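In C-alpha cells, the next block holds one chain alone, the form predicted alone.
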C-alpha cells in the first residue's frame, strides 16, 4: 500500500497536466492522476474533490507564469497582439488542455486576468457595449482555434504532406498545402491575428 505523503498544489497540477499531455483530456481521471503520483486513488481525495478541480489546477499551472500586464506599446492592436502571444507561448506545448480555457473561464483566475487585460485594451480603443462583446469573443475564438490548430494540426505535420499530393482531386487544397510548409507557427499565429485586428479596426 503506498504510504501517505503531503503534496503541494503544484505537484498535483503537474501530475494532472502530465496525464493530459500524454494521454489526452478525456483520460484525465482521479485514478490516472493518482497513478501518476504513485498513490492510491482514495488518497488523492484528501487534496481534490473531483475531476473538475483537477482541470482548474491544470489551467492555473499553464497560465500561472503569464504576465497579463498590458504592455506599453504604441497602438491598441500591438497591445492585444502582445497579450495573445504571451498566452500562445504558455499554452502551445499543451494543446489538449486548450478547451479548458473556455470551460473554466468563469472560475479560473488566470483566464479572468487574461480577459480583463484584453477588455481593458479594447475599452481604451473605444469599443463599448455589444461591439466590445463581439470584438472580445472574436479574439477569444481566434486564440482558442489557433492554439488547437497549431497543436493538433500543425502546418509542419504529416497531414500537410498528404494534402500536397492531392493535386488532381483538390488542386487548390494541394497548392495551398505546398505553400503551407514554409509558414512557421509564430508567423501563422501572428499574421492571422493581424488580419483579425485589421478587421476589427475597420
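Everything quoted here is computed from the prediction, not taken from an experiment. Numbering follows the first chain given and starts at 1.
Just so it is clear, the following notes concern the form predicted in complex with a further copy of the same chain, a form of the same protein that is not shown.
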Subject >> Segment assignment from 24 to 32, 133 to 141, 37 to 45, 59 to 67: heavy atom within 4.5 Å of a further copy of the same chain in the model of the complex >> reply: 133 to 141
**OP:** Examine residue 75 and determine whether its closest non-hydrogen atom to a further copy of the same chain in the model of the complex is within 4.5 angstroms.
**Re:** no
Original post:
According to a 4.5 angstroms non-hydrogen atom cut-off, is residue 129 in contact with a further copy of the same chain in the model of the complex?
Top reply: yes
Original post:
Heavy atoms within 4.5 Å of a further copy of the same chain in the model of the complex: does residue 51 have any?
Top reply: no
Original post:
Is residue 14 close enough to touch a further copy of the same chain in the model of the complex, meaning at least one heavy atom pair within 4.5 Å?
Top reply: no
Original post:
So in the model of the complex, are 9, 86 and 94 all sitting within 4.5 Å of a further copy of the same chain, heavy atoms only?
Top reply: no
**OP:** Scan 178 to 202 and write down, in order along the chain, each residue with a heavy atom lying within 4.5 Å of a further copy of the same chain in the model of the complex.
**Re:** 179, 180, 182, 183, 187, 188, 191, 192, 195, 196, 198, 199, 200, 202
